[in-house]
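Coming up are structure 1 and structure 2: the same protein chain in two forms, each one given alone as structure tokens.
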Structure 1
């Protein structure tokens, strides 16, 4: 331990982060080891680069942005629908399909004490979000008579609680051996002076590194390998917080395979030019997403001859990937984005600070930044009221109340 301590101290001196050892003596043996291990494994060079990022406005590459082609599910002919369904169902029945649910977020806006998936959105059944999603897995199992592997990405913060929740609820009746959890990567949080924060326990304050971390953490945790060994060829990756997400949609699979592309995504029509959503686009000829913070007013308001927004295919973060591209994507470094968030921490005098407004930076990568490594993608436009009911905020738009209403309307529960 002494040697480790000295190595950590020297490392911290190099990066002007000595304060991290201020409370060392007050920590338990276990916490001491955790703190030293963290310090010795953190890439402080990277943290310095990320700190530089906090001083800059987010800059966007000067790229050529064009609309992307899409297929509208509701307008498929009977033949197309049958063809795609057939292709997709063959894949699912043959055990070549898996689902990944990203549930590593902090859910700060919702403010629920626990993983977002454990939240009860207020249905009469009081099902949690995890159970709502699991219902879709069970339905597919009954329909296709196959156990679809379900991988759930957690974060270090919520991994244990998530697993306990599944255990306590007997995996909601889904075969336990088909459910796996994997923990995503994390990065230290820093204050506006670039100092790494300490947790209430005196260890390094780290936060999940964004949904873009899914690829790298799938590789690091052997998930891609596990999928390959089970014969999986196509993987759906979606968010935990959309209670109407179609986790198993043969049409999306069929369309993707028929188009001979290696990835696809569903979109919904952007409500109006000001809606704060990213939209699918072609960026320098490659598929991508243009964020609402990046798009110009002119571009966001432009309409085609039918009066539809030119850039109107809102990204719902529901994507399908061929297993063939997952490894390549995982090898690409995605750019980091900063977010200024509220974070409890211990200050230099040893006081616990519970901020009322954002006080610290966290750094995240975004899943859709990975699209540019693909040549093309299929985009399937779906109906908002059928496939999109997000739970983001505690109240107002995209809240448990709006999601519950959408869910109840869709399933005719009232």
Structure 2
């Protein structure tokens, strides 16, 4: 360990981050190894670049933002619906389809101690979110007579608990060999001076690298290779917390293939101009998403001749990708975005600081930034009450109460 300690010390001196070893002697042997391994694997050149990012304001003012074309599922003709369904079902039955669920979060905001996917939204059946999603996988298995590979992205924080949860529930009746877990990447958090923070126990404080990190995590953990070895050609990627998400939708697959594009996404109509959601758009001619923090009041309120919002296609983070582009996206790193958050940490004097206001930067990538590497993509507008019931807040909108009602109404459980 002495040799590793000296290597870590020298590295920290080069980057003026020596404080990370201030409490080394107080750590357990296990924590010492963890800290040294973290220090030796952190890319401090990257952290310096990210620190420079904190000094800049993100802006799209120099970009040309235009509405994006979409297809409305409810208005498809009988012939179109049959055509897309047939194309999609052929892909599924041939074993060329896989599902990725991003489930790295904890249920803290819901008052739940554990992975968000283990949360019970209050159904009479007391099914967890994971079981609700697994029901959809089993339904597809029964319909198409094929075992669809299911890849679940966890975090270091919840990986072990997630795997144990599936094991304790016998994978909810889905074939164990078809379920794979992989861990999301993470990055150190820094203070406004660029110093990497320490956790309460004296190790490097790190945060998940955002849902855009799914691509690099898939490459790093061999998931893309596993998909290729199974003959997968199309992959659906979605968040764990949407209990109405259509994980296996032949119409979305068929539309994407028919349009000869390498990716697609589903959208819902914004409730009103002020709804805090990102919207699909064309950014300098490429598909993209404008976040609600970016869009101007004028843009958000603009309507077409039919009275519909020009920028009204809300991004649900339900996307389909061709396997052909996954590796390219993973290798060409997505841009990082900064977020200023409240973070407990140990200061240089060994005091635990519990801030009352934001005090630290975390860095994340966004999945939808991957769209800008594509020439085009298909957007399928769906009905909110049929495909979007997220569980994000403890109460109010997008809460267990609203998700439960949408779920029960859709499945006629009342």
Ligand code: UTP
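Keep in mind that what you see is a predicted model, and the values were worked out from it rather than measured. Only the largest set of C-alpha atoms that superpose within 1.5 Å between the two forms is called the rigid core. Numbering follows the first chain given and starts at 1.
Both panels show the same chain in isolation, but it is structure 1 that comes from the form predicted together with ligand UTP. Annotation: Cα of residue 326 displaced by less than 2 Å between the two structures, core superposition. In the core-superposed comparison between the two structures, residue 298 has its Cα shifted by less than 2 Å. Taking the rigid core as fixed, one finds a CA shift for residue 341 of 2 Å or more between the two structures. Superposed on the core, the two forms differ at residue 355, whose C-alpha moves 5.1 Å between the two structures. Once the rigid core is matched between the two structures, the CA atom of residue 200 is found 3.6 Å away.
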